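Consider the single chain below, provided in structure tokens and representing the form predicted alone.
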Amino acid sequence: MRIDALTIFPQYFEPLTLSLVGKARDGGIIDFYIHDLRSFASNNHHSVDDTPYGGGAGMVMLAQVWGLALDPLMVEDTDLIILTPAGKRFDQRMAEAFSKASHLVFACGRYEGIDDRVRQYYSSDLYASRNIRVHEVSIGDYVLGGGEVASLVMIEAITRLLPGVVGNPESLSEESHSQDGYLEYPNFTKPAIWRDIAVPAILLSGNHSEIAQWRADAARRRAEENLWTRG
């Protein structure tokens, strides 16, 4: 998989050199490229924004700068992801869908966002005919300073689903959100008693069928107790 990220703060993506994602990059599972949006600005100050038409607070990112940055990346079979609080909510099903893509491009907006003509242009029939898809995505009902943090969240959630990234792929099938409405059961390790809190006795029994039933019941209870988080 190839991943490109466009941003005015390339340093935000340094965490992608660490942990599983970093190993996946080193192992050639992921090709990751960061593009500094300011390098595509034509004025002396490398400005990437201007005041909004119609008035209002804040600044809007310039379509012409984004166009210069995106044009060479919009090759056949590409998913362009525009991070915006107005986008569709990111979830595990979306992560699974994106993990099957060959090329992801993350457009990290700032200020009041990106001139909407960027979305319109790359959503046109010209690009659709080249199998280019545009997605507006949000990671939650709140506002961040920019799309970089949201991109990091999405990239980690997506890439850990790629073959060879997680050491034991079976662990993916039992984790939270692997199925709709499913939250993983609580996990414990040694010692059996810590600060007077004991591990559930069933987990020490060696009875695998009863352990499986306990875990299924615990997962269901956890899901029921956390329903409020899904509104």
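Throughout, we count residues from 1 along the sequence that is shown. Computed from a predicted model, the values in this text were never measured in an experiment.
Absent from the display: the form predicted together with a small molecule. The rest refers to it.
Report whether the minimum heavy atom distance between V143 and the small molecule in the predicted bound form is within 4.5 Å.
Yes, V143 sits close enough to the small molecule in the predicted bound form that at least one of its heavy atoms falls within 4.5 Å.
Examine I155 and determine whether its closest non-hydrogen atom to the small molecule in the predicted bound form is within 4.5 angstroms.
Taking the distances in the predicted bound form, the answer for I155 is no, it never comes within 4.5 Å of the small molecule.
Taking heavy atoms and a 4.5 Å cut-off, does S138 contact the small molecule in the predicted bound form?
Flag for S138 set to yes.
Although the small molecule is absent from this view, report whether L80 comes within 4.5 Å of it in the predicted bound form, heavy atoms only.
So L80 does not count as contacting the small molecule.
Which of V118, V105, A150, I132 has a heavy atom within 4.5 Å of the small molecule in the predicted bound form?
Contact with the small molecule in the predicted bound form is made by A150 alone.
Tell me, out of S123, T84, S99, Q92, which residue has a non-hydrogen atom within 4.5 angstroms of the small molecule in the predicted bound form.
It is T84 that has a heavy atom within 4.5 Å of the partner.
Going by heavy atoms within 4.5 Å, which of 156 to 164, 123 to 131, 84 to 92, 71 to 79 lines up against the small molecule in the predicted bound form?
Heavy atoms within 4.5 Å of the small molecule in the predicted bound form occur in 84 to 92.
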